[in-house]
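Only one chain is given next, in structure tokens, and it is the form predicted alone.
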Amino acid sequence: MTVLCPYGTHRVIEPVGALPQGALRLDNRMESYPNELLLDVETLNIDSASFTQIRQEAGDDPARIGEIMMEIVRTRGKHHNPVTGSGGMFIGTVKEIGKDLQERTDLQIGDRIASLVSLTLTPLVIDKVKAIDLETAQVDIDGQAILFESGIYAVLPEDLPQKLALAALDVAGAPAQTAKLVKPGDTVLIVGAGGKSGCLCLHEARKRAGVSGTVIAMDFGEAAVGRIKKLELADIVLNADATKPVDCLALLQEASGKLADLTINCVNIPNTEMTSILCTRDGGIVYFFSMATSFTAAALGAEGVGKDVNMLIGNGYTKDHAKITLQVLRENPKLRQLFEEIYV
């Protein structure tokens, strides 16, 4: 008899006793247990670090990207990128509600939801890859997924296009954590500010730091810098390669004359840890939201340059993160327009 666990350990094949996120392989048979939801999946939003790596491996060939994704799921029973260790999220329609959950949920059969837990712990089957958007990392599929009893989700809002909502909810932890961390008067540096999570963080940083604060945006390339400037949320915009920490520090000091109280790293490539650390004052906070972060590199690197900074691991969940993130798009017409241009 299968012993059901709210965290889904009953789906773990290897190694036995692990939680689903850290497991090498899950049971992805699409037969729901009494404490699970079964969903028909239509779109996957692959996280930025994972999709960037898959694109590079596939040479931007959509057919090869689809093959790589399907092979990951066949091998692991979930979309858990073995290189980056990250996954993404999905949009789906509720097909079955386990009998143990029926009196504990407001969901109905046919409700359309976005998962708010990572694909790295979600049993998944991809029957067919239908379309791949190289720019948005959104992949339309025919498939199914399981959500565990502990799995969180958001019913898709009626006032926002579904792919717009999916894109924002995929990084909901970043702006919500920014809202918690930024204090009035802070100098806030956002590294990777021109990306999806970075733009949302800019809004919350500007809102929370207030007129006495300073918001500094850093990204690399004219396209990213142009997106940032259109939003008019940053006091200073720096075009800098975050893999070159000494250069970035010099640019920051020249532009602002001071280091950040809080640095938020949203970059989707490796080797940007030291830029975030060097650009933050002693006693300040570095929040690594990026799934490309090496926490070994961050810890040893900070030690190596004698920086006494408080480093936080990016948590994809914080209370009310979905509500906070969707509200950002409702509050900021320019930001919503930017997301609509990209994702709708």
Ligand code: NAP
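No experiment lies behind these values; they were computed from the predicted model shown. All residue numbers refer to positions in the sequence shown, first residue = 1.
The same protein has a further form, the form predicted together with this ligand, not shown here; the description that follows concerns it.
>> My question is simply whether residue 162 lines the interface with this ligand in the predicted bound form - judged by any non-hydrogen atom within 4.5 Å.
In response: Residue 162: no, not in contact with this ligand in the predicted bound form.
>> Even though the partner isn't displayed, in the predicted bound form is residue 166 close enough to this ligand, meaning a heavy atom within 4.5 Å?
In response: Taking the distances in the predicted bound form, the answer for residue 166 is no, it never comes within 4.5 Å of this ligand.
> Heavy atoms within 4.5 Å of this ligand in the predicted bound form: does residue 93 have any?
Replying inline: Flag for residue 93 set to no.
> With the partner left out of view, is residue 290 within 4.5 angstroms of this ligand in the predicted bound form by any non-hydrogen atom?
Replying inline: Yes, residue 290 lies within 4.5 Å of this ligand in the predicted bound form.
> Of 249, 83, 269, 152, which one comes within 4.5 Å of this ligand in the predicted bound form, counting heavy atoms only?
Replying inline: Going through each option in turn, the one that passes is 269.
> Here the chain is shown alone; which of 188, 124, 171, 114 has a heavy atom within 4.5 Å of this ligand in the predicted bound form?
Replying inline: Exactly one listed residue reaches within 4.5 Å, namely 171.
>> Given the stretches 26-34, 44-52, 277-285, 298-306, which is the single one in contact with this ligand in the predicted bound form, using a heavy atom cutoff of 4.5 Å?
In response: The contacting stretch here is 44-52.
>> Counting only non-hydrogen atoms and a 4.5 Å threshold, tell me whether 192, 220 and 316 all contact this ligand in the predicted bound form.
In response: Judged in the predicted bound form, 192, 220 and 316 all sit within 4.5 Å of this ligand.
>> Using a 4.5 Å heavy atom cutoff, which residues in 226-244 contact this ligand in the predicted bound form? It's fine if the answer is none.
In response: Going through 226-244 in order - heavy atoms within 4.5 Å of this ligand in the predicted bound form - the hits are 227, 240, 241, 242, 243.
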